[in-house]
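Take a look at this single chain in structure tokens; it is the form predicted alone.
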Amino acid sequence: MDFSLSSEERMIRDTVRQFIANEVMPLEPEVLKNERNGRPAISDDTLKRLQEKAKSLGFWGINTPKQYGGAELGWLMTALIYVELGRTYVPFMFGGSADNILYEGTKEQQERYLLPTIAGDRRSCFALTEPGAGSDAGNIRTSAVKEGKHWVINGEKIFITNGNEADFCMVLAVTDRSKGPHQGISCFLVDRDMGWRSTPIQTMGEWSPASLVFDNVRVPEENLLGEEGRGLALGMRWIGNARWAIAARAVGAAERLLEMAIQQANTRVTFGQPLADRQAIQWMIADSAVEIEATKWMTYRAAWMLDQGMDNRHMASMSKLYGADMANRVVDRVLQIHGGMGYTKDLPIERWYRDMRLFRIFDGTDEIQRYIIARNLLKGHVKVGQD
């Protein structure tokens, strides 16, 4: 059992860390300014410029298969990189990647959707959640009815990430309600110019999702992604791939916040002594460090299991649950250590405070993760003490 990073993993991590510190973090004041003025955090031009710089360093499609022009670094290395991305609230992601379920498309679908997405020429969104079906994904009401060589889609989706910017979506719709959710829901590739509309939803943080409306949207039958009736399985695969990634980003953000807390504790003097001498502050810092470390290794194990071809869903749920709660506890302590200044917009802590709250909701709420973990144990799918 070896917990050390290889020389290659350490080199890649350190290169990404330096890139984030030198190229991305300096944009943070601009992000906060844009938010106050109701503008996008960073422009598309700025994002493309950063992605091109990263590409020159070899960071393009970090886990995209090499046959599609990616680096295919593996899931553990991807987790290490996500930790580094989490150190900043600038919404930056390395280019050259696509949603995992797009690889399930036919050759023609890959040419029309997958390859242009990897190249950065197209932008996708995944549409599952509805006003009456969030965690209960099998209860969606959006329907797709076959008419000749087309499917006609009607319904509404809500809280869709990238829904305002995407030019196509992967939408789940009921194709045969009598067969139940596991055999009666299908997934479709739907271009925006086929007729669906999006409306921005204002939130308390950086996340700006969309409400999507499908009103008799006609979709060619060849745009069915995967098998008819097997859409929910694709949806769960899409969601499951994101859970441990949220925990990884939580680790990166929490580590940077903890660094800020340590600096504040060592420099802020009250009643003739630095905050670092106060036991209450020491315990906040100690508890945060312990929880960050625990999340880190659960997350790395979830990613490592994927690399080994193992079923990582149980570990992914545990890392997502613990990591999301951990991030909220850490940012709350760090704000407390900074006192009134932590509550102001002069420091980025309040921004993280708002963003971290979302971690406990999207891609499976805390309650859903607990349900999954308990069900796995109670049904015997996972046994206590099992490696």
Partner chain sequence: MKILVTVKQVPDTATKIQIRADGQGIQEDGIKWVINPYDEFAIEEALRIKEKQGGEVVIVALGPSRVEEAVRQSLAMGADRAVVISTDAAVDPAAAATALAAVCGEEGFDLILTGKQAVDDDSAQVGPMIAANLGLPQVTVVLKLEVDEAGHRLRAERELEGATEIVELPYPAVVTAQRGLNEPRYPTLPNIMKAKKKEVRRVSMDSLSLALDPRVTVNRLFAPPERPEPTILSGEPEETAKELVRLLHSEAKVL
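Numbering follows the first chain given and starts at 1. These numbers come from a predicted model, not from an experiment.
FYI, the form predicted together with the partner chain isn't displayed, but the following is about it.
- Only one segment in the set 54-62, 330-338, 26-34, 355-363 has any non-hydrogen atom within 4.5 angstroms of the partner chain in the predicted bound form, and it is 54-62.
- Checking L306, A289, L73, V213 for any heavy atom within 4.5 Å of the partner chain in the predicted bound form turns up a single hit: L73.
- Contact with the partner chain in the predicted bound form, defined as a heavy atom within 4.5 Å, is made by none of D167, D191 and M194.
- Shown alone here, D14 lies within 4.5 Å of the partner chain in the predicted bound form, counting heavy atoms only.
- When the partner chain is considered in the predicted bound form, R375 lies well away from it, no heavy atom lying within 4.5 Å.
- The closest heavy atom approach of R10 to the partner chain in the predicted bound form falls within 4.5 Å.
- Residues T15, Q18, F19, N22, E23 are the ones in 15-41 with at least one heavy atom within 4.5 Å of the partner chain in the predicted bound form, listed in sequence order.
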